[in-house]
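In structure tokens, the next block holds one chain alone, the form predicted on its own.
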């Protein structure tokens, strides 16, 4: 029976020592190769990934895959017999076991390469373990042909086959869990996979592929091609040999992938399937009956955890009624006291943004907003830091209220009624997560019906979905596809077939 992987309790001294030891042992400046058919391939062109809190520190120097290597990966995948391997679920379970043993080592790498604080990094690894275990169990359920009806003289069976070669293009903000989930979902269904990790976090992607190969994935079924999205990523997406593209990232890139995959080129045998998660502009509603202490804690965690660099993060705060000034004032005090620093420090809550481009973009958005900042935290001078920032009285048509910044920036507005709160919350082009803090049963029931998001949370933070417990994903411009970590997810990676046989024989040949 599936159970979520427990998070590490860092209030226990021994656990703190284990992660500190892993951070001390972590070698920096490693060379990350491409992997084709299990072989490591180093290229002349490289790209460095750095510690976002100290950009002078190079975490890894990654080989950049070329189009020639992408073509070779596709060629190898075509002849793979991976779909006929019978113990694919067992291989995923093996991978989960390896991850458990290496949990602190993997967390340490995530902390240094992506800038995640301790608990966030630990949760990243735990989620990857959950994906392996849960999708292995789900495939055990799906792989047995199902007899559709009992009909005299006829057998009818419904079953699934893999789609073919899949491309996984993964993000940097969950650099282990998200690529793991997309990769193992495709593999367990019998597809071959080419993984192109985010340019900012190639080393942890490399470790994922090495673990899966060690667990038993066929060498010709999984390839690792770090590289530039506009080069190797673009080629793979447009290749006529690719059957499926799984992507998590920005709306702009996601829509471009959907558009590219919708064009059928000469020689293409099938319509490409796209599994695409693109982000959110998520709102929390606080009504007049809410417990303010609970609300403030939930808002801080949702808006500023991992510096707001989660597609599920809260960036819009909608407060009902006359409590607005008091609640915003108290929230401002909390924002000013948020502790920022290097993620390797266990006391850090607010880490840096991922790179200089993100830092510059968000800094300009704040400076050019024309809005007066109500509250900000302090941040270190070095590194890609942006202070936790709270705006109040933000116009509903302002870009700060409408556009996804992927940063620790929260826009607060006052509304007169719960009706208006729901209208404002639903006005976004995205529909990923949302939350309500209320002690009014009627408002909570209305939110369940009328707050149109993929994952709705009542009286708790709106981040931190767990595999199976809260299958994750949205709609509108938040993406297309079934919820990750849910019972429908694997169905995207297979094609259903039906075989009908007349069992009344009239003789033998």
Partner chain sequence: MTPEEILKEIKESKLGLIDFIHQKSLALLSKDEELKLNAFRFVDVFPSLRSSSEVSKILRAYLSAPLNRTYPILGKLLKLGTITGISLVTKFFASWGITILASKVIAGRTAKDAIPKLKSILDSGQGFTVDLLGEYCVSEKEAEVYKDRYLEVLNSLSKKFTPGKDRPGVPLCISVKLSALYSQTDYLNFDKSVEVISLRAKEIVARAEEVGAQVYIDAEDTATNQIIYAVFEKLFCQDFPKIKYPGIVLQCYLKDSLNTFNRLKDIAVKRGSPIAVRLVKGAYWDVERALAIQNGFDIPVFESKKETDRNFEVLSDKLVENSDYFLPGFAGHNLFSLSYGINLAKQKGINFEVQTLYGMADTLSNALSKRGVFVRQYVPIGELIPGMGYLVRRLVENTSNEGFLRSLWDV
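Predicted, not measured: the structure shown is a model, and the values here were computed from it. Numbering follows the first chain given and starts at 1.
Form predicted in complex with its partner chain: not shown, discussed below.
S.K.: Check each of 401, 118, 235, 160 and return the one that places a heavy atom within 4.5 angstroms of its partner chain in the model of the complex.
M.R.: The residue in contact is 118.
S.K.: Name the residue from 363, 210, 297, 423 that puts a heavy atom within 4.5 Å of its partner chain in the model of the complex.
M.R.: Among 363, 210, 297, 423, a heavy atom within 4.5 Å of its partner chain in the model of the complex occurs only for 297.
S.K.: Although its partner chain is absent from this view, report whether residue 347 comes within 4.5 Å of it in the model of the complex, heavy atoms only.
M.R.: Answer yes; at least one heavy atom of residue 347 falls within 4.5 Å of its partner chain in the model of the complex.
S.K.: Looking at the partner-bound form in the model of the complex, is residue 66 within 4.5 Å of its partner chain by any heavy atom?
M.R.: Output for residue 66 is no: heavy atoms all beyond 4.5 Å of its partner chain.
S.K.: Even though the partner isn't displayed, in the model of the complex is residue 455 close enough to its partner chain, meaning a heavy atom within 4.5 Å?
M.R.: Looking in the model of the complex, residue contacts with its partner chain do not include residue 455, since no heavy atom lies within 4.5 Å.
S.K.: So, in the model of the complex, is residue 288 in contact with its partner chain at a 4.5 angstroms heavy atom limit?
M.R.: Result yes; residue 288 sits at the interface with its partner chain in the model of the complex.
S.K.: Exactly one stretch in 382-390, 106-114, 223-231, 315-323 has heavy atoms within 4.5 Å of its partner chain in the model of the complex; which is it?
M.R.: The contacting stretch is 315-323.
S.K.: Each of 43, 219 and 263 near its partner chain in the model of the complex, meaning some heavy atom within 4.5 Å?
M.R.: None of them does, since no heavy atom lies within 4.5 Å of the partner.
S.K.: Would you mind checking 175-205 for residues with a heavy atom within 4.5 Å of its partner chain in the model of the complex?
M.R.: Contacting residues: none.
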